[in-house]
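Next come structure tokens for two forms of one protein chain, structure 1 first, structure 2 second.
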Structure 1
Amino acid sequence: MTNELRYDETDIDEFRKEVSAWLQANKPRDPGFLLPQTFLEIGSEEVLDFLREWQFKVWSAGYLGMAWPREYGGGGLPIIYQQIADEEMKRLRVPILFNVIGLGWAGPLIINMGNDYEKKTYLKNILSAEDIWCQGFSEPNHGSDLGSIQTQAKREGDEYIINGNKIWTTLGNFAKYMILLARTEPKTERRYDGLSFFLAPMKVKGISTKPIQKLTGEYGFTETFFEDARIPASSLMGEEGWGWRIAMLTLQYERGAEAGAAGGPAMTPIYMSDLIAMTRKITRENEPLISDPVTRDELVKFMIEEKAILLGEKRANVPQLCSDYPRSLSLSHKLRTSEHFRKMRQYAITLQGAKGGLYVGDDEAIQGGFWQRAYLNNFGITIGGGTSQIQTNIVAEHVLGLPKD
């Protein structure tokens, strides 16, 4: 990227003020529905349109894709600017920038290894939210084991014919493009070798999606079916057989602007301050819940955990303080945060008294059922991308060197 560009500390401070002012002035009003906490929670056109408009607005103001090349809709600035914009967006808790697969996966990939045609065709529309992208890695019954992908891509002239099934396609029913991992070589010695990577159009004959209803009752994912779907051969990224390597590469972009993502918060975190705010409005045994000593002790336990997680992100950048287990903080981060969130959100419902039984859609539900939905949706992160059980194995094996199962 544009790391080599110089910048001035004063500029940076000025910039932070500028973006903060803009965000405060332009932060959308309450839309009348619960805003999605993550991009996995967009189940209706209404929500989608709202977020699309917001992303467009942020990009138009110049606060998205700031480090992407100017000729493709980016800002051509040092990444520090995007990082600051991201910090302010998180701090001010504006809505998420929802086109995550485009902004964080496909976009950086195309910048890094795409040809000029691909850059021109895709990048700007990812930023403007005109083109929504989705991801087609997981398949039914294969969990997150990419080696066992069954979807076939068969070359025929200028086209590939795709057959198979993908699952957990976030925004699958809204997306124009999919980053698709499919098998071009049915039999290879190593299971990963036969895979290829496509920037596949979704709106072609033979591709259909079926929304998956989440345990929350809402939508957000689809199952995606390919029945003799024909996509242009030019959709192939790199060469046949490179699929697994490219997929692994895209996973690294996830890590935010530094790694090449266009920026913007992909999720709105829920902090202990939110839970504490909740406890101020609830009554227990005729007293404000916040004055109950047992609840206070539990809240403090969660606050210690939260602070340790946030400080862990800082400590990970101080190598001398990570010398015993250098990969520990980074490899355990997903496990720690997702489990912390799970327990904290579950506890929030427990604290709500009789109103804890109410749900999203009830106007008496505490914060519109925010905590109930947040708890149930949180299983998306304790299950998706490797369950907490698998994450724990990874920590035990890769950090501590404990033997495999």
Structure 2
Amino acid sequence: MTNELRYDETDIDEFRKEVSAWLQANKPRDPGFLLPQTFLEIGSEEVLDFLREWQFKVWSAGYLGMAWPREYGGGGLPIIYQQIADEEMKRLRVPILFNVIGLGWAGPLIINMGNDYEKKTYLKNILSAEDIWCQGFSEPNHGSDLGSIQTQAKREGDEYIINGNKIWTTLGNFAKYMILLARTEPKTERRYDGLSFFLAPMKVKGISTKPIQKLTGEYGFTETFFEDARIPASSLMGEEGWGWRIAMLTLQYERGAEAGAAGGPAMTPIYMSDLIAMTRKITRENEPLISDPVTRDELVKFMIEEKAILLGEKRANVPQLCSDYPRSLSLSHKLRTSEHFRKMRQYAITLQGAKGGLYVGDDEAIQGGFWQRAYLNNFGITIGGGTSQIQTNIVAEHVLGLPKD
């Protein structure tokens, strides 16, 4: 595998075969417990240790962070190599790479605007899964309204004293670091001013977390409390007052509108081929459900949407094909994919009839309740990174140019 930023089709074909062979030889066996479908569901040390070991193995083999700088633990290769590795991981249904907030949000942010110290300190351990990251944006009384954040960060010598709390902190109970948005200036003319951004340590006195149980019964989120927690002043990213600008860039990574993620699947791939396979096994009046013309018509609609999303991901990387609305595909990606998944999974449950009301653990549940669990898990995707309603406003304002009012 070449280390140069050039490649040809022969390189790519050989690399795909190499990745596929390695994944097939190293794919973990069934651990005997339920693995998460997304990174939002890791609620036990047992699951965490399993996924941590798997991520380290993938990175050690050279198939994670392939486009990140070599001097910080990456591969220094063209992004196409990581894209191929990701495609093969999804195709072969290997376990997810769980450290998503580090791999997809904090890491790219640090590469983009971090100083040398931050890059040397954080990036390699994100890739190896030695350091787990979480996000401290949302608050209990303000939800997605980041401009109303009340968590305070007061400078005192070489430290900041943090007071307040955050909600929906994915992996908060396991994380070593948090990307934290806090208010360093309480009184400002505009509510977006006075916010600052921190790469904050979590394992310090005064920071505690409380697990939050999801609809699925799992514990993937926490509420995080800061009570006179002291973090080093060097945790500040950029300057005081830059918080809003940095947070908006971070959200671009979270929503898939900016490149730079280290790679790997953050969610178990669930495709239309899986739904079609289910309709072949369910019968209605002694005939496979897929033979029903109305069902087939609905399936085709979902197949068209899935194909459009997959082709859109490729098209977004070709500027000449996006010249009319240059950022339309990237800015609408989260909305389109999360809503497609929600509707498709809900339809899968509908097709199960009365058994659609069963869940994981019920012996009569179709496919062990796989689709029910997938549907409930999808709510975290439609909410995280900004709800679908917020995503619709983003498309309206930043793609179509419509006024805010």
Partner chain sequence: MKNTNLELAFTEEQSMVMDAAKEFCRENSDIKTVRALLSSELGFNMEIWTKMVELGWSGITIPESFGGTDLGISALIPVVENMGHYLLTAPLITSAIAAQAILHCGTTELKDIWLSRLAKGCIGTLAILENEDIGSAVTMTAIDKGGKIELRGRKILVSDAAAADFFLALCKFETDLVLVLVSSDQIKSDCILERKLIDETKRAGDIDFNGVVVDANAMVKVTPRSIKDLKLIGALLHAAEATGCCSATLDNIVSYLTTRTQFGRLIGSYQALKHPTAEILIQMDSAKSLIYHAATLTSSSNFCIDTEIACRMAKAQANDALLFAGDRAVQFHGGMGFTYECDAQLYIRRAQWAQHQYGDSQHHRFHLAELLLKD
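Just so it is clear, the structure is predicted and the values come from calculations on it, not from any experiment. Basically, rigid core = biggest C-alpha set you can superpose within 1.5 Å across the two forms. Start at 1 and count along the sequence of structure 1; that gives the residue numbers used here.
1 or 2: which is the form predicted in complex with its partner chain? Of the two forms shown, it is structure 1 that corresponds to the form predicted in complex with its partner chain, while structure 2 does not.
Following rigid core alignment, is the displacement of the residue 18 C-alpha between structures 1 and 2 equal to or greater than 2 angstroms? Residue 18: C-alpha displaced by less than 2 Å between structures 1 and 2.
Do you see a C-alpha shift of 2 Å or more at residue 312 between structures 1 and 2, with the core held fixed? Yes, the C-alpha moves 2 Å or more.
Superposing on the rigid core, is the Cα displacement of residue 361 between structures 1 and 2 2 Å or more? After core superposition, the C-alpha of residue 361 moves 2 Å or more between structures 1 and 2.
Please report, in Å, how much the Cα atom of residue 333 moves between structures 1 and 2 when the rigid core is superposed. That residue's C-alpha sits 4.6 Å away in the other form.
Relative to the superposed core, what is the Cα shift for residue 373 between structures 1 and 2, in Å? With the rigid core fitted, the alpha carbon of residue 373 is displaced 2.6 Å between structures 1 and 2.
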